[in-house]
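For reference, the chain that follows is the form predicted on its own, supplied as structure tokens.
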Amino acid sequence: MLIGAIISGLMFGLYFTLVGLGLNLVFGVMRIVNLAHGDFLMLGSFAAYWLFTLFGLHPLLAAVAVLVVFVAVGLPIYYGVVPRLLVARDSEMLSIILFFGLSQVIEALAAIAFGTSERSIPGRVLGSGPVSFLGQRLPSAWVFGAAVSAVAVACVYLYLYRTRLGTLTRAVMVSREEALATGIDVHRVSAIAFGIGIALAGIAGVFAPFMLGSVTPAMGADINVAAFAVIVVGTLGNPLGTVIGGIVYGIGLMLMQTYLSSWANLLPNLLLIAVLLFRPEGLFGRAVRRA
């Protein structure tokens, strides 16, 4: 049971890395808190559900469609909202208020459009049988979701560390004012990062029906709590630290569900409290400050 919980936790850890990655990227570049992050993930879930139900579209193709559409949606949201937030005296607090309002609007519209019933996609869509790994049999949908998450994380790494745009993005993350002073088009860099962050949430949403079991319009709040637990453990503003945060969260979740199932829903809150009490800068806080 212990080995099975750890291996399953690694699968879920990779998935929850994807869940938190876009949120941490947006915070790292713009220092704003996107409380609508979980709702964009929910929209990605329903996009995958309806594309499969109406057209039989495979979730992998749905993820590509969601990537393109959500980047396109994220850019106008950025230019319409974020520049005004960034010049405010307390941009972080204002971002919490504004994106909380946006979250409520998205949830209400989704409930009107889709209803409040739970929706799911059959797991056999991503494979008919279990996958054997280190003597454990795992649902193929979990393995597929974890693999897609790993590819997405690798793509974000290549974007940040192997492209000129990524170099500019990291410069903005270190100091927005210094980046602006050196001639970097800060708004262009930030808009692209915001679009990517929204798209990552959407891709995570595509695989939520398989990893979480079902989706509803009200799932955004729970997703936000899990995402914040992941990025606080891995350090706010350090996108790649999200990998460690996701794995810690995934393994912890599976261990709790295996041995203390009635307490499993408390895990995000317990992680947040523990990290804030004993290491508020996160696991990689010092490295971020030295950079």
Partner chain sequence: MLRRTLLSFAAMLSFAVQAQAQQAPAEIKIGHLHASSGPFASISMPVYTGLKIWVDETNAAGGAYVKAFDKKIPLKLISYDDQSSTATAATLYNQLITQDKVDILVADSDSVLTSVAVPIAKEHKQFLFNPTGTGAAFFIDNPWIALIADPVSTIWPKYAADYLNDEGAKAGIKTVAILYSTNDFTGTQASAVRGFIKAAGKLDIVYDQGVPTNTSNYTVLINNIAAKNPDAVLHLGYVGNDIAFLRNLQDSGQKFRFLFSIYPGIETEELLKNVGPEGMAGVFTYVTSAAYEYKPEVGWTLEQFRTAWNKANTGLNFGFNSIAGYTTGLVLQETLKGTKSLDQTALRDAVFALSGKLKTLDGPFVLDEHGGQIGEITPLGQFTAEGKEVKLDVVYPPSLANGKGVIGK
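Positions refer to the first chain, counted from 1. This structure is a prediction, so every number in the text was calculated from the model and none was measured.
The same protein also has a form predicted in complex with the partner chain, omitted here; what follows describes it.
J.: Where does the partner chain sit in the predicted complex: which of 22-30, 218-226, 38-46, 234-242, heavy atoms within 4.5 Å?
T.: Contact criterion met by 218-226 only.
J.: By the heavy atom within 4.5 Å rule, which residue out of 264, 247, 51, 67 makes contact with the partner chain in the predicted complex?
T.: Comparing distances to the partner chain in the predicted complex, the residue within 4.5 Å is 264.
J.: Quick one: is residue 212 in contact with the partner chain in the predicted complex, heavy atoms, 4.5 Å cut-off?
T.: Yes, contact at 4.5 Å.
J.: Within 4.5 Å, heavy atoms only: does residue 178 come near the partner chain in the predicted complex?
T.: So residue 178 does not count as contacting the partner chain.
J.: Closest heavy atom of residue 185 to the partner chain in the predicted complex, within 4.5 Å or not?
T.: Outside the cut-off, so no.
J.: Do residue 124 and the partner chain share at least one heavy atom pair within 4.5 Å in the predicted complex?
T.: Judged by the heavy-atom cut-off of 4.5 Å, residue 124 is in contact with the partner chain in the predicted complex.
J.: So in the predicted complex, are 116, 139 and 142 all sitting within 4.5 Å of the partner chain, heavy atoms only?
T.: Checking in the predicted complex: 116, 139 and 142 are all within 4.5 Å of the partner chain.
J.: Can you name the residues of 98-113 that have a non-hydrogen atom within 4.5 angstroms of the partner chain in the predicted complex?
T.: 104, 107, 111 sit within 4.5 Å of the partner.
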